[in-house]
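As structure tokens, one chain now follows by itself in the form predicted alone.
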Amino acid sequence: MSKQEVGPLGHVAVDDCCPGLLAAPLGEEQAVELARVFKALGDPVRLRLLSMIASREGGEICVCDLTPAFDLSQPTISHHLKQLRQAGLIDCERRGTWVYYWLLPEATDRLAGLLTRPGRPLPAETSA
């Protein structure tokens, strides 16, 4: 894996992974993978893009609706979206001229599981 590529986060279910950051020390491979995901989330533009995608009614959004929200060029927005895709946080599909993006909820669920203290329910479980 090159330095520019970010490994996918959503390929392992929460239960199949590690017990969580707060329950046991991470292995080297897990730490490298998580650092890449957190690096992808560490940019304010990417964090806003992820939020816009995740909160969109219907679960997906066209890149044509994302670009005007930023004072950035379309290639820069595409670069940020690529970083989120490579981190395994979103996916996309080309439909004609436009590309549509959606959140991969298993990836954010895994992050939530990793950051939850042992013996504490996930936020979704407490509101049910």
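The numbering used is simple: start at 1 and walk along the sequence shown. Here the structure is a predicted model, which means the values were calculated and not measured.
Omitted from view is the form predicted in complex with the DNA, to which the following refers.
Novice: Non-hydrogen atoms within 4.5 angstroms of the DNA in the predicted bound form: do Val63, Asp71 and Gln74 all have one?
Specialist: Yes, because Val63, Asp71 and Gln74 each have a heavy atom that approaches the DNA to within 4.5 Å in the predicted bound form.
Novice: In the predicted bound form, which of the listed residues (Ala54, Val45, Leu26, Leu34) lies with a heavy atom within 4.5 Å of the DNA?
Specialist: So the residue touching the DNA in the predicted bound form, by this definition, is Val45.
Novice: Under a 4.5 Å heavy atom criterion, is Gln30 part of the interface with the DNA in the predicted bound form?
Specialist: Heavy-atom contact with the DNA at 4.5 Å: absent for Gln30.
Novice: Consider Phe38 of the chain shown here, and say whether it contacts the DNA in the predicted bound form, taking contact as heavy atoms within 4.5 Å.
Specialist: Contact with the DNA, no.
Novice: So, Gly58 and the DNA: in the predicted bound form, are they within 4.5 Å at any heavy atom pair?
Specialist: Contact check for Gly58: no, nothing within 4.5 Å of the DNA in the predicted bound form.
Novice: For the stretch 84 to 100, return the residues whose heavy atoms include at least one within 4.5 Å of the DNA in the predicted bound form, in the order they occur.
Specialist: Those in contact are Arg94, Gly96, Thr97, Trp98, Val99.
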